Each structure stands twice: as structure tokens, then as C-alpha cells.
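The chain below stands alone and is given as C-alpha cells, in the form predicted alone.
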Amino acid sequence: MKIIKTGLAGAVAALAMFAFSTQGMAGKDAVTLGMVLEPTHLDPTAGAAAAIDEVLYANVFEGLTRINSKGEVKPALAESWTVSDDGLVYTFKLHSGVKFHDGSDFNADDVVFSLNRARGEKSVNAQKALFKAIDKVEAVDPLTVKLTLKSPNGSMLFNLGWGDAVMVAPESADGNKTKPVGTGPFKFVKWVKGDRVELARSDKYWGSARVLGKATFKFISDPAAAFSAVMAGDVDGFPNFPAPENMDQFRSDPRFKVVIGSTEGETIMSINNAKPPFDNLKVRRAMAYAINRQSIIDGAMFGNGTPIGSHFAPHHPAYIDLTGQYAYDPAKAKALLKEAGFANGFKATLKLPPPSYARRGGEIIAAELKKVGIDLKIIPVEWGPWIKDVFKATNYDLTIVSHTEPMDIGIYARDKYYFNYKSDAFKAVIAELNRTSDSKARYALMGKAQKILADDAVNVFLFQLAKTGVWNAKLKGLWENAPVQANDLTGVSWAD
């Protein structure tokens, strides 16, 4: 876009520059960040939407452990821990003097409550499987908790660092969906639905983090509006900017910093494996051959993304490159459809949630599948209905979504998950992985799991989502990569 700074246009541009710079100057104790999706509610322990964690993880709520910007497990509410030689007993020593934002004390009883609530029969935790290995949780004393497992689980400390494992209080847990009460450095102030969530520095925070006085998350789903908001300084930045086509323009403007990082987001065309004709392996493989991953990366993401052939992040040392297993081959796709009894193709629906990777990618996928005879009806859906109808009720044929949870290949072993995939062989591999602590052996099992998913063509694995961040050049401390679903503000500050 060419901007000619003469006459009235120049005056408007200059005024915009002034507004941007004064906003940055005035906001040195505050930050406003843009997000594409609005949370469905504000309780990380009761919902699958990544937007919940992106607002609240490490800011309002904390767990026993936490995942840092490098994906490492670090102490959080637990200052230290020990693990028994047999890997079955974890003993956590809690920080003293910790309080929830409502002034109530945090202690071992809250840990027992939180973990039993997350794993109990009535649990609505979207990641309940994280706690499956736990046999019992006991408060040894007010600052000591003992966790006993049914069998060793090499991922337990990592699992406890997820947003789904944050600590809540029995007095306030039921109200966390609308008025979250945590132990973190920020307390909840206000949720203006359809617009923003406001947080403020907590004067009750137990830790040493020096955080900004105020943080606001504004929800802007339209890419053009997001671009305008950043350019005008209405937001200080977007940790995940929805319009990658604008990145070159931001790069050429010294007011901004552009950071392209990696995420844990395996972007896939999810398939309802229990619904005909998608219960037919040849049909699923045909779709995998019919879709050109690179064309989606180039067309929908402007080159930002890494092709994948299974549900696993390319930056992980256990990754196996399986992208060649279903190299783009429309002729082979047509042949498989004919073998499956669909020589003339078939019709299906493709439900697309709001993110641009889904909406834009869906248009490309529909065009490519049409070439082999599969006629898709595209149905745009908002995030709330997608969670209700697709994720929970499995009322769909095909959809596109990025699974941003860390190390989540185990979701394919769940009895009830929205793919409706069932494989005893895969379950056996994941069960063995959960019992294994040796890194080399674990990596081998992860590789085996990746191969099974590719062989079964459970979903069409598209690309690893890039983290396309843009923010005010004076803003420091935002994460480059996204090892978990988080906009952790504990290290964010303004340069002098």
C-alpha cells in the first residue's frame, strides 16, 4: 500500500503517528493486546478454547508448575518437589504466604480440591485425561502435597503446568467462568463481552514478578480491523496477528517489531471418522492425497507455516517427517475414491471457525477437493457454536482447527474425542509411552504413534501454525514462540 503524505493525507498520517507515540508514552504502566478470538468463558479448568488460557494462564491463574517461553517445566506454586525412585510418588513443597485474589489463603487443601475436581467423575475439564494416572492426592501438611500415581507417568510435571491444571479455591471455583479468582500477579477487573477483558496488578501477589499496572485484551476478529487497530495504536500489538499478508508493511515501519515464531499448533482438517463415508480408510487417504499443503501455507498463511504429515510438532526432537506419505497426487485420490465406491465423488460439509487459517484455508481445500469430485458446502461458525456442535456433539463432517495444546498426540487415544477415532494399536503405544521415562525410549514410541496416525489417515495433517507476532517496538518481554497457549505478561515492560 502506498501512502502519499501530502496535504490532508499527510496531516492525517502525522496525527496518527502522534497518537500512536503518545499512546505508547502514556501507557508505560499498561498494555493493550489484541486477540482474534474471545474466550467462551474465563475458567481454564472448564473449557477447551485456547483463548481462555491466552488471557488467564500465568496472569490470573497459576499451577504447581509452569511452562516457560522455552517449553521448560519450572516451579510455580510448588517451590520444589521430589519423585520417588519408582516414579509413583510426587511430593510438592508449596510456597508460603500465597493468597487468592479474594484474600483467602492458598494451601495444600486447595491443591487437593483442584486436582480432585479436575479428575473427578463430574469433571468438565477439557483435558481430564492429563490426570488419569493420579491415584490419590493428599495434604501432608498445609504446605506439603503428596501425589500418588497408579503407574509411572513421565509427563506428569509437564501436565501439571498446563492451563487446565491451574489451582482454584473451593470458595470461588464455581464463579470462575465470569469472575475468575486466582493467585497470579494480575487480578480480574472486568469483562466487556464482545470487546475486552481488563486485568490489574494484584497487591496480594506472593511472587517477585514486577508486572505492569494494567493489562487489557481486546478481541478483534476481522483482519482488516486488526491491522487498523495496530497502525492507529489502539492496541500495543497482537501476539498472534491474523493477517500475515500485512507483515512486510509492519517490517518496513520502525514503530513495530515483527516476530515470527513457532507454536504447538498442529493445523489439521479434522475428520469425523465415525460418519460415512469418512469411516472408509480409502476415502480419508484420498482426501490426504487431494490436498496440497504448501498451497494452503502460501495461499492462506502467506508462506508462514511448516508442512506436517502427522499430529506432531516439527521442532520436537522426536518428530518424524511423514509429509511424503501423502504427497499431492489428485490422480491417486480419484483412484482411491473409485475403489471406495465413490467414482462420482460425494457431497459433505466443512464447518469453519473464525481464525483466518481456517476460513482462508477452507476455501483452498474446498477448491482442491472439488477437483477430485468431493463437493464441500462451507459453513462458517463462530467459536462458541464450534465448541458446542463440533467439539462436544461431533455434529460435523469436516472442520479445520489448530490444536495448540503442547505434546497432545495422546488425544487420539481417548475413548470420546471429536475425531471419533478408535485404534487399539494406538492406545497401546500411548499406554506404553505413559509408563516410560527414558527419553530415547519415549522418542521411539512417539515416532511409532506418529506413523500409526499417518497410516490410518485419521485427519488431513496440514501444517504447524506459525506465531506471527507484531507489537510496538518499545514493548519488551512478549513470547517469541508459544510452547503453551499463553500470553504470559509477567516479563512484559516498556523500554525507556
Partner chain sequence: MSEIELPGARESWHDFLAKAVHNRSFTIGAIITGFVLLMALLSFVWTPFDVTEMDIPGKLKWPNSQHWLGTDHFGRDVFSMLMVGARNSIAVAIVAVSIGMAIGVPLGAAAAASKGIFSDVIMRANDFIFAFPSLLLAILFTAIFGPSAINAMIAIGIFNIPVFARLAHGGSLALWQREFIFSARTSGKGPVRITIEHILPNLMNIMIVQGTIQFSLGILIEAGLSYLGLGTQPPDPSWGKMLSEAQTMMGFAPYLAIFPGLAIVITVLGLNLLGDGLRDIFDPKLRRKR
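Positions refer to the first chain, counted from 1. These numbers were taken from a predicted model, which means no experiment stands behind them.
Although it is not shown, the form predicted in complex with its partner chain is what the next lines describe.
Although the partner is absent here, residue 380 is a contact residue: one of its heavy atoms lies within 4.5 angstroms of its partner chain in the predicted complex. Its partner chain in the predicted complex is not approached by residue 261, whose heavy atoms all lie more than 4.5 angstroms from it. Interface membership of residue 298, defined by any non-hydrogen atom within 4.5 Å of its partner chain in the predicted complex, is confirmed. Contact annotation for residue 87: none of its heavy atoms lies within 4.5 Å of its partner chain in the predicted complex. Per the 4.5 Å heavy atom criterion, its partner chain in the predicted complex is contacted by stretch 240 to 248, the sole one of 308 to 316, 269 to 277, 90 to 98, 240 to 248.
When you look in the predicted complex, the only residue of 367, 331, 140, 189 with a non-hydrogen atom within 4.5 Å of its partner chain is 367. A single residue from the set 421, 302, 81, 205 has any heavy atom within 4.5 angstroms of its partner chain in the predicted complex; that residue is 302.
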